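This document starts with one chain, in the form predicted on its own, laid out as structure tokens.
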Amino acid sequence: MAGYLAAHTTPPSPLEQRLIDETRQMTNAGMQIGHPQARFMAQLTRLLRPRLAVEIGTFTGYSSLVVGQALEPGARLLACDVSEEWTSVARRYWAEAGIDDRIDLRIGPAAETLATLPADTRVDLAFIDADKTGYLAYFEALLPLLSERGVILVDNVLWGGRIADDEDQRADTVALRAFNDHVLGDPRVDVALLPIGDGLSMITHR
């Protein structure tokens, strides 16, 4: 079914495919999102027309590349990551796509970056795909900044099916399980857990 889904989704552009292929040669290649998820994010960006998007966890830049290309003139993407090495790949592709001026890359702990944003900042689209034990803190930091019609996307919420295996008590699994339970019970938000990629939660204000 995953193969059929991928085959019936608009394929990556040649530039996107080169980034996918380069990342596949890296040790942490599994951290890259799949192209059906990337296409969904690009289409959602065009529909939402965000003025400010925030990405927590950039890696080699596939998600930021597709979102950045879908932004309207004057809009920007704040990209947060801790790795100069991984994001150096992203920078090359942003530049080649001609969107590097739309992306503000901040190297350092994302929680610290978010804490520096003015209280009146309004985020229209956010994507969380970083350390799993930090998900809840990132969500809580972003929610007060989320615009009325803003959307928070959260990756890996199915965690390869391990999320439903109560015998798996590893830290990342436990953290993701707690995160999913938290947002479901949070009266401030509505959540739709989508079976895209490794599970993608779509969270909005209630």
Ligand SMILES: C[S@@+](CC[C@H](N)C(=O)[O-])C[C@H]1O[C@@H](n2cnc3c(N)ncnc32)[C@H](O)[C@@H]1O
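Since the structure is predicted, the reported quantities are computational estimates derived from the model, not experimental observations. Position 1 is the first residue in the sequence shown; the rest follow in order.
What comes next is about the form predicted together with the named molecule, which does not appear here.
Participant: Which is the contacting stretch out of 172-180, 146-154, 26-34, 43-51, given heavy atoms within 4.5 Å of the named molecule in the predicted bound form?
Facilitator: That would be 26-34.
Participant: Does the named molecule, in the predicted bound form, lie within 4.5 angstroms of each residue among 13, 16 and 94, using heavy atoms as the measure?
Facilitator: No, none of 13, 16 and 94 comes within 4.5 Å of the named molecule in the predicted bound form.
Participant: Check whether residue 124 has any heavy atom within 4.5 Å of a heavy atom of the named molecule in the predicted bound form, and answer yes or no.
Facilitator: Because no heavy atom of residue 124 falls inside 4.5 Å of the named molecule in the predicted bound form, the answer is no.
Participant: With a cut-off of 4.5 Å between heavy atoms, is residue 98 one of the residues that contacts the named molecule in the predicted bound form?
Facilitator: Contact check for residue 98: no, nothing within 4.5 Å of the named molecule in the predicted bound form.
Participant: Just checking whether residue 57 would be counted as a contact of the named molecule in the predicted bound form - the rule being heavy atoms within 4.5 angstroms.
Facilitator: Yes, residue 57 lies within 4.5 Å of the named molecule in the predicted bound form.
Participant: How about residue 138 - does it come within 4.5 Å of the named molecule in the predicted bound form, if we only consider non-hydrogen atoms?
Facilitator: Yes, residue 138 sits close enough to the named molecule in the predicted bound form that at least one of its heavy atoms falls within 4.5 Å.
Participant: Determine the residues of 163-191 with a heavy atom within 4.5 Å of the named molecule in the predicted bound form and present them in sequence order; the list may be empty.
Facilitator: Contacts from 163-191: none.
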